[in-house]
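Starting off, we have a lone chain in the form predicted alone, written out as C-alpha cells.
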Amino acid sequence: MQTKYLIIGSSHAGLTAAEEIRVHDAGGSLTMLTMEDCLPYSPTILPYIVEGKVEEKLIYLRDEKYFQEKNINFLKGKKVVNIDAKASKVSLADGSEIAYEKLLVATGGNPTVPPVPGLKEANYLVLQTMEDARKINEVAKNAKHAVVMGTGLVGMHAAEALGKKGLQVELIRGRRRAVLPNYFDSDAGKLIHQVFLDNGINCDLDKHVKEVESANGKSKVVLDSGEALETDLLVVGTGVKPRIDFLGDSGIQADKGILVDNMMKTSVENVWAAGDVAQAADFYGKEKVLTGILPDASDQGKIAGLDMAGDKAVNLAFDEIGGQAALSYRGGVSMNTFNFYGNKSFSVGLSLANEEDGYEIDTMSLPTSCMYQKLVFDGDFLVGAVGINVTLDPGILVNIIRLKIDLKDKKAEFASNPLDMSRRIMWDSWRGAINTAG
C-alpha cells in the first residue's frame, strides 16, 4: 500500500494534523492508523467510561462519515512495529507494509510500571486505552475491593470512578508523599486529598507499596507498613511515557520522546512528530520537553499538518511579513484541569514555583469551602497559576502567559480581582491597547 501522507495515531494531534493537511491539500492520499479497534476519542474521557457517566458510543471525536467526506483512509487495529525511514515505509504487526511520502508520528504514550517486586507478574490493569477501560469495567462487575497505585491524574480519576461504582478503594501513592505532585502545590494537594478522604477513598500518604503477591486470580499488595491488602482489582496509574518502541534503527532521534524542531520536524527529512510523543521547545527555557497535554497536542498537530502539506502560497505570505515564527511552535505552557466530586481545579504554567525560587506568589485559601487560588509572578509578568473552585478561566491565563503581557501597575488589581482583570487584559491585547513581549 502507498500513501502520500501517513499519520500514526488518531487522537487530537493526528486529527488536527489531518484537518490542516486537507485545508491545503484536498486531494493528496491520506491514511490514518490507530492500533485500537474503535473510532478516535480523547483519552481524557476514559475515567468517565469507567465511572459509567457517559456511554462509549457517545464519546467519539469523529465518525465514519467524516473520514469518507475528507477522503481519509482510516484504518483500525493497525499497530506499527517498525519504521524504515530510508525506504519511507512502516511495518505493521499483521505483517503488512505501508509506503509513504510524508509521515507524522502521533502515537501518544504507554503506561509506565514501577519496579515493585512481583508487580509485573500480577493481574494488574492500566487505564490508557478504550480496551483498558472495558477490561476494568468487566473486572469491576464482580469486584468489591480495588487498589489503585499512583496519585497522579490517572490514579486519582480511577480511584474516584471505582469508588462511585461502589467498590472499596485503597489509593496508594507513588514515590512522592502527595497527590497530583506534578501539577499542584502542597496546599492545593491537601485540599484535594481531603475531598477524596471525605468521599470514602482510603489514601494514607505515609504508605507505599513494597511488593505484590499473586494467588488464585487475586493480588495481595504488601505495604511498607507491613499491612497486606488482598484485592479483586489492581489498577496501576503511576505515569506515562511516549510510545516510541517501534523507532528501532530508523534514524529518528529521540531522548525522552521524539526530538522535533519548531515545525515539528524530526531528524529525518520527511518525518514529523506531534502530541504526547514529541519532545519539543519549552516556553520557559531552552531545553526540549514533553508536555503531554491536549492543547499542545492540537497546536503541534496543526503545525505539523501545515508543514507536511507545504502550501507554498501560505509560506510565501508569511515569509513576506517575516512571519515564519508565527507558523511555528512557540513552546509548551502546561495547562491541566482536574474535576473531582463536583469540584473543579486547574494548574497552568509554573504552578509549583515558590518565593524561594525568586517568584512573587499571591495566594487565597478557604479550606472549609475547598477554595484555593495561587498566582505566580516573575516581575510584572504572570507565569503560573493554580485554582480550586474559583471562577478564573485557565485558557485566558495561558494566553496572558504566552503573550508575556506586562501587567505593570495592574498587578495588584489583577491579584485581587483576577477574573475581571484577565478578561479586560485580553480584550485590551486584542485591541492592541496593551504591551506584550510575546
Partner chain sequence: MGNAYNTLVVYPEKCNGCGECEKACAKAKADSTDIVHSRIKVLKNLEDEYFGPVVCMQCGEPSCVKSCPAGALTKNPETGVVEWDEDKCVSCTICTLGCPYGGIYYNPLMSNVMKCDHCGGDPECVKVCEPKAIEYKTEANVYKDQGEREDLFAPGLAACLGCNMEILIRHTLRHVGPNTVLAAPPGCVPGIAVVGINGFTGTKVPSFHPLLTNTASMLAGVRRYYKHIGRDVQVLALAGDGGAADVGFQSLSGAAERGEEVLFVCIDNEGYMNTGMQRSGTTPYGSWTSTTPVGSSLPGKSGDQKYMPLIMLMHNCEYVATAVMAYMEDYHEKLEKAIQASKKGFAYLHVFSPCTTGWRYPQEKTMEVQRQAVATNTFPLWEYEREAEKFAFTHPVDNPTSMEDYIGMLGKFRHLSKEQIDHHRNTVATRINLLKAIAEEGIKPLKAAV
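Positions refer to the first chain, counted from 1. Not measured: the values here are computed from a predicted model.
Keep in mind that the form predicted in complex with its partner chain is missing from the display, and what follows is about it.
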Identify, from the list Asn73, Thr129, Ser219, Asn336, the residue with a heavy atom within 4.5 Å of its partner chain in the predicted bound form.
Asn336
Can you pick the one in Asn110, Ser88, Ser298, Ser328 that has a heavy atom within 4.5 Å of its partner chain in the predicted bound form?
Ser298
Heavy atoms within 4.5 Å of its partner chain in the predicted bound form: which stretch among 288 to 296, 351 to 359, 198 to 206, 166 to 174?
288 to 296
I'd like to know if Leu39 sits close to its partner chain in the predicted bound form, meaning any non-hydrogen atom pair within 4.5 angstroms.
no
Any non-hydrogen atom of Tyr48 within 4.5 angstroms of its partner chain in the predicted bound form:
yes
Would Thr44 count as a contact of its partner chain in the predicted bound form, using a 4.5 angstroms cut-off between non-hydrogen atoms?
yes
Answer with yes or no whether Asn399 is in contact with its partner chain in the predicted bound form, where contact means some heavy atom within 4.5 Å.
yes
In the predicted bound form, does every one of Ala26, Asp245 and Ala254 come within 4.5 Å of its partner chain, counting any heavy atom?
no
Could you pull out the residues of 219 to 234 that have any heavy atom within 4.5 Å of its partner chain in the predicted bound form?
none
